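A single chain, nothing else alongside it, follows as structure tokens in the form predicted on its own.
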Amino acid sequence: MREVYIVGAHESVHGNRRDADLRKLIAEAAIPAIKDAGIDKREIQAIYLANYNANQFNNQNTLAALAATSLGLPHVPTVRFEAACASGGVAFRQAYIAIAAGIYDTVLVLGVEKMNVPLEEADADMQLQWAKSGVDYRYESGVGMNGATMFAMFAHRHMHEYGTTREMLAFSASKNKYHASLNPYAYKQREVSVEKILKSPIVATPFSTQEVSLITDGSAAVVLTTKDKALGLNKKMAVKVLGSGHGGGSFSVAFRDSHVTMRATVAAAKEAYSMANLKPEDIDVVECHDCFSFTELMNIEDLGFVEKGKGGWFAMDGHTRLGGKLPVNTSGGLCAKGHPIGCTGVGQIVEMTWQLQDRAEKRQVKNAKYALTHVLGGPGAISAVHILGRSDL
């Protein structure tokens, strides 16, 4: 297999983007990413686009082809990937495989989602149904379960088994609010104290309004290419893709053997570490899925950074904060930077690319050599993990 490098990366400002439709969001990420790569757009041989639900939120399907045409590349082959919240990670993995296998030399990976829809176009109940379509509708989400209630159950079980506390969840959320306050691309760029989080209205116990992922519009893009191409571009700051993992777990929450471990994450991480020939202790900075405050704590356990049940204590000791032993979600994560579902996995890649290129400004992790990204899709049934490294060109 050929070596694969990231030579261009960019993302849009995240938020309730009333000023931007899908085409504008695509352009805001893709055009600067191509410019960052230093290539002519005609060198792009394929576009792999991640999107969760434009067919309902925006009445638009076949979105990858729309993206290609709107970017002036109507004859480039395109594919849209949908894996709920893991869509971006899965799209990136497939582009990586295509280049490593010699099918293409240069691929543009895009993630985009426009989730803020005016109520006069679709009422709140309808939009909630659209959002829940990534979970088993007939047997679970259709009878009352949604993302918040599901992960609340997981959190309660973790609390019961390991003594994780409400304060630990709030502490993790507050940490990510701080990181987002340093990120000019984040939706909510302000700090929120642990005390305020604990006093905020409850969405689904134990989660307050400050501990849930945000309904967000946004886009992100990266350009992947071969080692020879990167060398030809004189890309001294190209980022190498060292490892890629893709794991699965039960789509039915009821049939799982554990509700405090995501088997999909464990499997994806094992594959990525093996491919990269690295261990968890080698990683310097992480972007992991934090759809709710608890999720990050569970994920850093499943990714092997701490012993199962110790995630809350690890966070409370300050290790996951900028300046700590293992900074996690330097972008602000899903609960502060925002969660434009199909975009999120690609946005994580952008953040870690910037970290490894020393371009993360106020969020910069000093001397970061290895970075890891992790997304979790639907009810935790799909996970994609990637390990990136500083350029060896």
Partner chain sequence: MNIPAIKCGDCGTVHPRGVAVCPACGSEKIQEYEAKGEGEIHTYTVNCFVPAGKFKDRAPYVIAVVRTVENMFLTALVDTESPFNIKIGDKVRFRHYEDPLTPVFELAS
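What you see is a predicted model, and the numbers here were worked out from it, not measured in a lab. Residue numbers count along the first chain shown, from 1.
Keep in mind that the form predicted in complex with its partner chain is missing from the display, and what follows is about it.
Quick one: find which of 230-238, 168-176, 253-261, 296-304 has residues within 4.5 Å of its partner chain in the predicted complex by heavy atom distance. Contact-bearing stretch, as computed: 253-261.
With the distance limit set at 4.5 angstroms and only heavy atoms considered, check whether 183, 314 and 321 all reach its partner chain in the predicted complex. Spot residues vs its partner chain: no contact at all.
Answer with yes or no whether residue 280 is in contact with its partner chain in the predicted complex, where contact means some heavy atom within 4.5 Å. Answer no; every heavy atom of residue 280 is more than 4.5 Å from its partner chain in the predicted complex.
Can you tell me if residue 142 lies within 4.5 angstroms of its partner chain in the predicted complex, counting non-hydrogen atoms only? Heavy-atom contact with its partner chain at 4.5 Å: present for residue 142.
Report whether the minimum heavy atom distance between residue 137 and its partner chain in the predicted complex is within 4.5 Å. So residue 137 counts as contacting its partner chain.
Can residue 190 be called a contact residue for its partner chain in the predicted complex at 4.5 Å between heavy atoms? The answer is no: residue 190 has no heavy atom within 4.5 Å of its partner chain.
Among 133, 116, 200, 149, which has any heavy atom within 4.5 Å of its partner chain in the predicted complex? Of the listed residues, the single hit is 149.
If the cut-off is 4.5 angstroms on heavy atoms, which of these, 275, 97, 267, 204, is the one near its partner chain in the predicted complex? Result of the distance check: 204.
With the partner left out here, which residues of 154-168 have a non-hydrogen atom within 4.5 Å of its partner chain in the predicted complex? The stretch 154-168, when checked against its partner chain in the predicted complex, contributes 156, 157, 160 at the 4.5 Å heavy-atom cut-off.
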